[in-house]
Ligand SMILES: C[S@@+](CC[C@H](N)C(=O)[O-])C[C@H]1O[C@@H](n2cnc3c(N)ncnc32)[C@H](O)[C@@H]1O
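Listed next as structure tokens is one chain, alone, in the form predicted on its own.
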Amino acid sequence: MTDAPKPPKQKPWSDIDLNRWREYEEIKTDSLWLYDSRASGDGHKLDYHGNYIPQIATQIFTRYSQTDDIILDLFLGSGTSAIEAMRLKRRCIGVELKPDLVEYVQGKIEPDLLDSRIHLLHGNIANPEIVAQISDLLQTMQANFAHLLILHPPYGDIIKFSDHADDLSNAATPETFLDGFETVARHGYKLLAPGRFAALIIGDKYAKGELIPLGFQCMERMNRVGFKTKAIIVKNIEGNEKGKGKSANLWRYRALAGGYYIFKHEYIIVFFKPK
């Protein structure tokens, strides 16, 4: 007589069966992530400068959400979160400031899932009216809160994404950027279920010869609104941007001449909302 299989041993925020923990070799548990290139296929491609690689979504969604959970992405961009939520059988609400991007991402989503499991909203998430709209949408999805929060804001003014005055990449000063980001973080905190997780994908920047630790400054703002820091992951930026080609040597010269180091990393900072 064989022993009956053990019932799954799971956390309330993950489908991972801890009885089979040795089998999840594809799931990273260390704090250094190295990827030679970005994943492609399933709708993913480098079609928008600054979109984060799908492998991040795969890791974070698998670790910190369950099937049918609602992923809330407040900086949707070209739709990495929406596409990966669709692939991993999660639901998603994505908010994007640029209406043309919302329309573009809609074309990447399976028609029968659009506006049923995948919802794309155009608007400024700093606007309380959008927060109310998301709350109403959550109710129609039979949920009071989102189950996982994704934040991938501009890295300050490194890349100008639009001419919109509310675009954080147009913030006049670093403090203005951080204040705007804090507003978004505060709204995300309100919309996330207690006991669940948030992931911030962010990098640092240089300004006037000085390194600005944007990642840690944003982390502090997340803590300020109530999030507790769970992990800081360092990821290489290979595959995130189009190759510099012949300009690579120029960047090396500038680094040697200016006394600085060329960024080869960004952060994935994981937080949780206390119960």
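In this text the structure is predicted, and so the values were computed from the model without any measurement. Note that residue numbering follows the sequence shown and begins at 1.
Beyond what is shown, the protein has a form predicted in complex with the ligand; the following relates to that form.
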Checklist outcome for this item: Residue within 4.5 Å of the ligand in the model of the complex by heavy atom, from Ala85, Ala146, Ala198, Leu76, is Leu76
Checklist entry - Of the options Leu101, Leu178, Leu120, Leu192, which one has a non-hydrogen atom that comes within 4.5 Å of the ligand in the model of the complex? => result Leu101
Checklist entry - Pick from 159-167, 134-142, 85-93, 110-118: which stretch has a heavy atom within 4.5 Å of the ligand in the model of the complex? => result 159-167
Next on the checklist: Is Ser65 near the ligand? Define near as a heavy atom within 4.5 Å, in the model of the complex.
Outcome noted: no
Checklist entry - Heavy atoms within 4.5 Å of the ligand in the model of the complex: does Leu97 have any? => result yes
Next on the checklist: Residue-level question: is Phe61 within 4.5 Å of the ligand in the model of the complex, judged on heavy atoms?
Outcome noted: no
Next on the checklist: Is it the case that Gln55, even though its partner is missing from this view, gets within 4.5 Å of the ligand in the model of the complex, heavy atoms only?
Outcome noted: no
